[in-house]
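Just one chain follows, in the form predicted on its own, and it is written as structure tokens.
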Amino acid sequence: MENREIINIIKNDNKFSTEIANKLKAELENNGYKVSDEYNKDAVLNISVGGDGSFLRSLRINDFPDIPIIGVNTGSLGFYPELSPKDINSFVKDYCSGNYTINKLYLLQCEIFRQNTSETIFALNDIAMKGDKTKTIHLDIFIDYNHLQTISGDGVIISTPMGSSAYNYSVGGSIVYPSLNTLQLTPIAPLNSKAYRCLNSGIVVPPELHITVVPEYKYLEDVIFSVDGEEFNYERITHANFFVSKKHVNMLTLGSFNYWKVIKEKFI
């Protein structure tokens, strides 16, 4: 039996994405690759077809695999998907000739603690902690066990450098160059009055430190965690620890990755 390298194509349900995925499959198979009908852990490459949400979801549902990944953008913004549909033929040619580089993107790791249990989650962009049903939430913030402040408002975002230009940027956080490998904590609509004094800007934390967030439960029972845009409800957690994970994803890019070019094209 012919032993061909396997490539996974992971697409959303959009009609245009399906059309592009079929075109991509045909081009890859014409160049000697096998495109798996189901997700294959032995694949040499993952290709996401969709927008940024599809790209992030393809990583999450497959537990952030070591397999290199690249995206074809059939959505709107396309921050992560590098390729446009018209690039398919040239991409396959470049991939076959080895004309690409692979960059490591380290994940944000969060350990969520309840009284008797704990859970670990990961994100490539960001994790936000917010009150249930848009209620004001009060969060005690610790940096490496040192109490910084109680932030009251809609919540906080903890973001990676790659995620600094996403939700974090929309609430006034700073854009951070990816190689700095830091975390950023940014308040969401913080309250400032005679009763409350909260930070109005983000805090950039070096990778050797961690952030602890402790909810106060005087006015609410649940905490919403928005993980790369997907929301999860947690009841009565005691605290959550955030830090730069040793786990990473391998992002395949053609040529060399120019972060500032991407920022200019997508945001400025």
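The numbering used is simple: start at 1 and walk along the sequence shown. All figures in this text were calculated on a predicted structure; none of them were measured in a lab.
Although not depicted, the form predicted in complex with a small molecule is the subject of the following passage.
For the options L148, L180, C96, L77, the one in contact with the small molecule in the predicted complex, meaning a heavy atom within 4.5 Å, is L77. With the partner omitted here, the residue from S170, T136, T120, S84 that has a non-hydrogen atom within 4.5 angstroms of the small molecule in the predicted complex is S170. For the chain shown alone, G155 is not a contact residue for the small molecule in the predicted complex, no non-hydrogen atom being within 4.5 angstroms.
Proximity of S165 to the small molecule in the predicted complex falls within the 4.5 Å heavy atom cutoff. The small molecule is not drawn, but in the predicted complex it has no heavy atom within 4.5 Å of P68. When the small molecule is considered in the predicted complex, T186 lies well away from it, no heavy atom lying within 4.5 Å.
Checking 157 to 165, 192 to 200, 96 to 104, 138 to 146 against the small molecule in the predicted complex, the stretch whose residues place heavy atoms within 4.5 Å of it is 157 to 165.
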